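Only one chain is shown below, in structure tokens, and it's the form predicted on its own.
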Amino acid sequence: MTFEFFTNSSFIGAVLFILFAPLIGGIVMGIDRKITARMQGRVGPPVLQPIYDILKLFEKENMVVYESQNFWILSYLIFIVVTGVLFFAGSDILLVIFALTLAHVFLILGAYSTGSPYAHVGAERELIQLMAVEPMIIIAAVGLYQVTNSFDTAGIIQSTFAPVIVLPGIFLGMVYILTMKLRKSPFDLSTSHHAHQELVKGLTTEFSGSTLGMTEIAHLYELVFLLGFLFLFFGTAAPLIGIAVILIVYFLEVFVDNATSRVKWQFALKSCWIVTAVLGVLNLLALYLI
């Protein structure tokens, strides 16, 4: 490994993600809670409350049914971090998607390993969510490649024009599935960050202490990665517009989360596939014909 690697932008991007993504994700989550509280007529917790909560989890006793839980959840956290590192280091976007999927497979295995029927239901719903969102994410990668002629995130983000101009349908499709990836209503099938719709918290029901803490840290890393993925549609060609649009999209996600109730998994799966077919596939077809 040469000295040049440690001084180039890829290494810097990876290090910045590892160090600051939990803080940025925690602040975004804190603002999320604050907005949610205002919408419900409450004051809400401090902005840094999500970070305080995670620190408290690591101070508590880690009670597990089977020791394998710790291995699966640690693997989940590691591969979520790997996903973000690959993404912000400018690596192949298909490899990024593979790492993200593998991370959620580890989370599902962790829920299954607890032996809890509630966690099992949550794990099965997490599998459904994977089936619902993966086609749209892959179509987004293909669309970005067709526009920028690059599968590397570094090449995509440095495009001379914003890909969203010719990929509006795919972008809207990504916004639609983002609700499910952020575990917000009406698509918070497997679990909910706010736990405002359930007494038993889905696939994380049996997680506690440091195990639950690692899960929450992984969520913060994934949040930053997902927002970064949306930014690919604007890139360096329109960075300010991209940031503004992402802020608006996230506010709408919070609004929808508080204005809707959970739907059945059948509707969630079908709607995501319909959106993928209509917005994603037709956008790719139009791009091909043009």
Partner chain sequence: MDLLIFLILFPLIAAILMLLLPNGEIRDAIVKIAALIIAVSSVYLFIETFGKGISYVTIGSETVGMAILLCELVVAIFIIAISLKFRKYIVAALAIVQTAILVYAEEFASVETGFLNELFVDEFSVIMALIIGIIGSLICVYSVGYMKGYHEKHADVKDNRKLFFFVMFLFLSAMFGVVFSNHIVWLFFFWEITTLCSFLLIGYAMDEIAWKNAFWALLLNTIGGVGFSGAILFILVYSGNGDFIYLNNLIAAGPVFAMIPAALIAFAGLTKSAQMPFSSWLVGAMVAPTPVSALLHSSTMVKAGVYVIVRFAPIFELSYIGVLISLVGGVTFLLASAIAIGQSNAKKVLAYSTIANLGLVVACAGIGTQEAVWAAILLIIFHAVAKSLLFLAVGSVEHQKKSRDIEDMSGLISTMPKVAVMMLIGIAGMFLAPFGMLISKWATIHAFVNALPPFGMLLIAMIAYGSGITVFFWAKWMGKLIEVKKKSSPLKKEATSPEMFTLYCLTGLTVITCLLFPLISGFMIEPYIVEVYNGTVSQLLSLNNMLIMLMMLVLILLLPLSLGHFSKGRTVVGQYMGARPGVSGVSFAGSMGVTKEVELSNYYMEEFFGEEKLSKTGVILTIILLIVFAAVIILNLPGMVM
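Everything numeric in this text was worked out from a predicted model, so none of it was measured. Residue numbers count along the first chain shown, from 1.
This next part talks about the form predicted in complex with the partner chain, which is not shown.
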Flag this candidate site as yes only if S9, F171 and L223 all have a heavy atom within 4.5 Å of the partner chain in the model of the complex; otherwise mark no. no
Does the partner chain get within 4.5 angstroms of any non-hydrogen atom of W72 in the model of the complex? yes
Does at least one non-hydrogen atom of V147 fall within 4.5 angstroms of the partner chain in the model of the complex? no
Is there any non-hydrogen atom of F231 lying within 4.5 Å of the partner chain in the model of the complex? no
4.5 Å heavy atom contact, I24 to the partner chain in the model of the complex: no
Just give me the single entry in V105, A162, A154, V175 that has a non-hydrogen atom within 4.5 angstroms of the partner chain in the model of the complex. V105
Scan 103 to 137 and write down, in order along the chain, each residue with a heavy atom lying within 4.5 Å of the partner chain in the model of the complex. V105, F106, L109, Y112, S113, T114, G115, S116, P117, Y118, H120, V121, E124, R125, L127, I128, L130, M131, E134, P135
